[in-house]
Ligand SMILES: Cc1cc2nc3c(=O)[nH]c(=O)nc-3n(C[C@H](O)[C@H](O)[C@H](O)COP(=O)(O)OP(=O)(O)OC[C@H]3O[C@@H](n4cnc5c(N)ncnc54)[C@H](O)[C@@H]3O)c2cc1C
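Presented below, as structure tokens, is a lone chain in the form predicted alone.
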């Protein structure tokens, strides 16, 4: 039996563990899946670890749950796998708690992040997910396998590794690591209770994606009526994501995605995922007057005891603007895992990347093409394989893509073409 280690016990890891259990129930040779997580299962969604207050509404519809879109990826066993995965659906979670009818009658409201964490924990428990409570301190390629050094505990050996999780926040030049007036997309939520009732009068939120949107919406809800919130975006305008069928279908079924020109794929990601606000956030902003949008890029932060000065560059002009508080919400580092790689693993990754850019080297199973042992990077798979893999839009397809490599290695099925694996 192969062993697949997953860094993180969030939605992606739980989806993989549940799918492995479903495959085994259908009689397929599923690998052993180990979720390695230093904190609680689905902890980043609770509001106790930053990233969210826990009270924010889920950005994607809850029907896009652990098994969505329930693809028929497993030949004659597909129906059995789908039936097993249906036991882990969000609707089944509500039914078991007697809350399904109320949810439907209220218009299928999107759950809060904390409610979503309850669902994820329920799935992990019912799927019997194997969770190791530890922190990975090193990932080294040892022959054909990975050796994961964890603290605490003995090393974990795996035939493949999946990296999940947001990584550390992206920083602006001069941004201090810890300062009460300079926060980021994680620390803002940890510091928010301390600011209740005495919110800064003048705040700058740097960023134009969903991380920034959540912060702005929260600030508008808690800020003093005379407060001013500046949203600084390099695009000059805050864009919202469209929700048409033509846009959404690429998230659910990206089979033809690699056939699009790279320039068109990048444009699609920019218009629908990166640097856009959700329609829920946009609705709040449309009804609010306490913020304004500034065009420019933050090139430096100078934090003092009483104020924070942001150097803003737009075109050939620069200006310095002082604020009471600054929130740098420009996203998180997708390549954070590289700090964990040992010498051999780093060398092999460099050879596999071949100077072309890692996001171009993500294969159909979401692993780095040419890298052995396999390293699966769904958070970097958007450009090469489809826009839904870095987020929650197709967790069922994500788990199929990754697990198929290990199930096929234990079976006598004929090799599939890339086009078949995209189905």
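Given the structure is predicted, the values throughout are model-derived calculations rather than measurements. Residue numbers count along the first chain shown, from 1.
Missing here is the form predicted in complex with this ligand; even so, the following discussion is about that form.
Proximity of residue 390 to this ligand in the predicted complex: non-hydrogen atoms within 4.5 Å are present. When contacts are judged by a 4.5 Å heavy atom cut-off, residue 164 counts as touching this ligand in the predicted complex.
This ligand is not drawn, but in the predicted complex it has a heavy atom within 4.5 Å of residue 59. Although the partner is absent here, residue 46 sits far enough away that none of its heavy atoms falls within 4.5 Å of this ligand in the predicted complex. When contacts are defined as a non-hydrogen atom within 4.5 Å, all of 11, 51 and 135 contact this ligand in the predicted complex. The contact residue chosen from 69, 38, 373, 29 relative to this ligand in the predicted complex is 38, the criterion being a non-hydrogen atom within 4.5 angstroms. The listed set 201, 321, 340, 170 contains one residue whose heavy atoms approach this ligand in the predicted complex to within 4.5 Å, identified as 340. Residues placing heavy atoms within 4.5 Å of this ligand in the predicted complex fall in a single listed stretch, namely 127-135, out of 258-266, 127-135, 75-83, 298-306.
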